[in-house]
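Okay, so we've got a single protein chain in two different forms coming up as structure tokens, structure 1 first and structure 2 after it.
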Structure 1
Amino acid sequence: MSKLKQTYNSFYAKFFLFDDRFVLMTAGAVVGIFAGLAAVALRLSLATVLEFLAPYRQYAWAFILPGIGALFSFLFLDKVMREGAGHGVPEVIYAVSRRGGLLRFRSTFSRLISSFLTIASGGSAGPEAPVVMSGSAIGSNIAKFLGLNDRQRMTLVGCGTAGAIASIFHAPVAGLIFSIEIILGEWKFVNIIPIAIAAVAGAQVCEAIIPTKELFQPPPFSIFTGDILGSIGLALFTAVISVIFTRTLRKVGGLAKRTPVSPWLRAMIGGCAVGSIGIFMPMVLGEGYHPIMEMVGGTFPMAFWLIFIGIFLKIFVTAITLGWGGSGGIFAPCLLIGSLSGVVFYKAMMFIFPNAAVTSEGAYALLGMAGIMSGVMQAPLSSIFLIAEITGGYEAILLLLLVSSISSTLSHIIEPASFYFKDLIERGEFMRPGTDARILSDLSLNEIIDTNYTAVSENMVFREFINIIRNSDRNHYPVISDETGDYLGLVRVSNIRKYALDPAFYDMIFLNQIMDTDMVTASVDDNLHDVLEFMETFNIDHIPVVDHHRFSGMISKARILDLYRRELIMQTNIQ
């Protein structure tokens, strides 16, 4: 047994520890495969149940189906899995941003099941955010199993995301870009290779199980000069719709929190409301891939006004589904709203300029998808490559670039934070790699605090104190209460010169008479960014850290700068 262990250790040291890229590449492939399997499982189970329930949706009582689905989804998540609310992607971004990519093991399957219940019953949500959460949690837990460090763990979280997106859309490049653009936020060689491998592994798993390559297959189309102007117009339209979508999602979610109804009943009411709308307009139910296929293929039968109303109904039902207790993502709803917007815009354009030389309705549906995704997620590259890949062609790449860049820029001007980041930014928890806040948050407080300080008693006579400073090189001395051990104040050597130079004071004064009690203090729970702001505001170089009234140590500006430099060098040296 011990020989086997020795052989394993020697192999591990020679192969993996030779260069951690091997570890990440191998683990990335494994993560990609598992994330791909999770995505395929959700996709196939959704297709099966949606097909099974399709004949029943024509009945009036079917409005209750999404209500039941949302109820079970909520109960599963809240009572069985005991997971917090939310659709998952911000939680993954938070984990990467603040917690070194740590995710709970239960997240590998909890969102998959709860989203399955919501979407399969007819709730308007997408399966992509749950698979992103699942894939990321798989990556995080594999990293945990292998005992990898924070940086490697974050890369594997990115691998999970890439594998999941690549698998569910059969779009490896989009998976890679989404993972880097949205989740990790940094383009680094050390990340790109394992994530690319994971994306390929995820896509291959999907292809092995579901041989059809592209999710949507548009007919071939040609691009004309008139399409440039058409694309600009469409970008403006989709930017506005994106902002409406983002704001409605947040408003309806906020309204749900203020509604004095128990959460499970709220989920049921929301689901039934979605089901009621779905009776009159079934295309707004579920993830909406089927109507998208029709629109991309140019065979969508609905009239202009119905499609126009459909955009807002889809926005509304998605907001109700996700805000009132259902589970799922906004990716697929974005695609449907985008394709509806594209078709509406095309029809309006054709009505005003009937003889305009422009490409087909299907192409505008594609451009609309890119426009809405770019506007809502403010991630133009992900949108461009996703649309190009899921339709199997790059014919419209120039127009995709145009629509995505204009739409994301405009929506960024109106709504500075994307849907994924907004909550985190409001809570001050969104930190991208390489930024000051992130580097400071990566520094451990224990590294910063200098605990090597001699505490002095409040009732100490000054003469005794003089003896202490004579044998010490410190300039600050925390004063502690004799009775409770609490921190009372600080004696700064620079402030006591007049007493020190006059021996008459030596036996006259006690430290509680000369200590500085007004000095601002920091707590161990404060982040370093706040501590630095304290220092700037009060123009001080040292700050005592007082944790629950106890003196914990001192933080000095010089030490922060020193460790900041070290951390910056370490982070930027990683190739």
Structure 2
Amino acid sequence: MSKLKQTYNSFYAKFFLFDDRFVLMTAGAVVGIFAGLAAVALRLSLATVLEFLAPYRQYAWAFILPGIGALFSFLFLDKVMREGAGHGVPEVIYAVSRRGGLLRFRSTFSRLISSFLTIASGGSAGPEAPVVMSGSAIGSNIAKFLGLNDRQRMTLVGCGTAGAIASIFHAPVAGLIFSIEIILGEWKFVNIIPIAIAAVAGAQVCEAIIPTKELFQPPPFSIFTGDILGSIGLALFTAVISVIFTRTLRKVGGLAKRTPVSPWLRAMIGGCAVGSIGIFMPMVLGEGYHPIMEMVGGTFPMAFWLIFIGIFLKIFVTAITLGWGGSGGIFAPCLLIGSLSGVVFYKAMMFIFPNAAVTSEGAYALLGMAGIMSGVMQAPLSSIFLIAEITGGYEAILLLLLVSSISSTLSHIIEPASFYFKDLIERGEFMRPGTDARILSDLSLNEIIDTNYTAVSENMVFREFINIIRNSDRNHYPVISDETGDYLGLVRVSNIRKYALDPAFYDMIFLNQIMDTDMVTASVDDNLHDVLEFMETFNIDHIPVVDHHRFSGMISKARILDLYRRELIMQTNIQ
């Protein structure tokens, strides 16, 4: 047995510890395959149950189905998995930002099951964010199994995200870009290759099981000069809708928290409300892929005003589903709202300018999807390549660039933080690797404090103090009370020069007469950002740290800079 273990250790050392890139590429492929399998399993199971329940949705009693689904979804997450509700993607971003990519093993399947219950019953949400959570958790736990460090684990979390997105949309480039643009937030060579491999692995898993390549297939279309102006107008429209969608999601979620009913009852009430609206407009239920196919294909039968109302109903039911206890993501709702917005804008444009030479209604549905996704996620590259890949609509790539850029920019001006980041930023928990905030947060005050200081007595005569500073290279001396041992003030060598140069003062004054008692102090509970603000505000290079009236040490700007530089090198170096 020991020989077998030695052989394994030797193999592990030779093939896994030999080269960091080899480890990440190999593990990334494995993560991509498992993330792809999870995504395909959710996609197929949702399609099966949605098809099974479709004939029953015409009955009035069917309004209760989303309520039952939301109830079981909430109970499963809260009582069985002991996890809070959420959209999935913010939790992964938080894990990367603050926990070195650590995710629990149960997260590999918990969101898959809860979102399946929500969406299959008719709740308005998408399966994409749950598979991102699942794929990321798979990457995190495989990294843990292999004993990888934080930076390698975060790369594998990105691999899981890329594999999941690539698989559920059959869009490997979009999976790669989404993982780097949204989840990791840093374009590094060491990350790109393993994540690209994971994305390809995830897409291949999808293709092997579900041979159809594009999720939505538009008919061929041509682009005209008039589409430039049309795209600019659509971008303005989708930016406004994106902001409305983002704010509605947050406001309805906030309203739910203030509603004085138990969470499980709240989930059921929200689900029933969604089901009631779905009786009159079924297209707002579920992930909405079928109406998107019709709109992209140019065969959507609804009238202009019904489509316009449908945009806001979809926003409302998605906010209720996710805010009142259901589980799922906002990808698919963004796609449906975007395609509805594109079709509405096209119809309005053709009503005002009936002879305008522009492309087809289906092409505007594509552009609308890109505009809403860019506005809500504020990640234009992910939106452009996702829409291009899932539709095969590369003919419209220039218009996609135009719409996405304008929509994301305008949305950013109105709402500076995207839906994914807003809560984390408000809680002060969003910190990208390599940023000042992240580096400072990773430095503890205990690392910074210099405790090698000579304390002096308040009643020490100045001559004795002169003898101390002759044999020391320090410029600051904390003054301590003889009776209580409490910190009283600080003697700065630069402030006592006039006394030091005149021996007549040596036996005339005591330290409590010349110490600085007004100097601001820091507490061990302060964070480094606050300490730096103290230094900037009072224009000082050193600050004493006092804990329960006792002197703990000094913090200097020079030491902060030195440790900052080391941490920056550690976080940004290729490991």
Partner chain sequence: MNYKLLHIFRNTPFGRETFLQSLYFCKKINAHPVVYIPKTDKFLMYFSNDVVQVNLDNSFLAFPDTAHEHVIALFDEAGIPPRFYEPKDFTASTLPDISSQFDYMCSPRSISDRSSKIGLGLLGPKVRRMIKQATFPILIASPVFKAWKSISVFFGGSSNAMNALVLGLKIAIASGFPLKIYTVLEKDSEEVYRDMVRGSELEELVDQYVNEWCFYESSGFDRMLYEVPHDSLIVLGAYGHGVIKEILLGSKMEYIQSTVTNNLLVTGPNCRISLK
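Quick note, the numbers are simply positions in structure 1, starting from 1. Basically, rigid core = biggest C-alpha set you can superpose within 1.5 Å across the two forms. Being a predicted model, the structure only gives us computed values, none of them experimental.
Between the two chain copies, the one drawn from the form predicted together with its partner chain is structure 1. In this overlay on the rigid core, His542 has a C-alpha that sits 2 Å or more away from its partner position between the two structures. Relative to the superposed core, Ala522 undergoes a Cα shift of 2 Å or more between the two structures. Positional change of Gly485 between the two structures reaches 2 Å or more at the C-alpha, relative to the superposed core. Once the core of the two forms is superposed, the Cα of Asn452 has moved 6.6 Å between the two structures.
Superposed on the rigid core, the forms differ at Val461: its CA is offset by 13.5 Å between the two structures.
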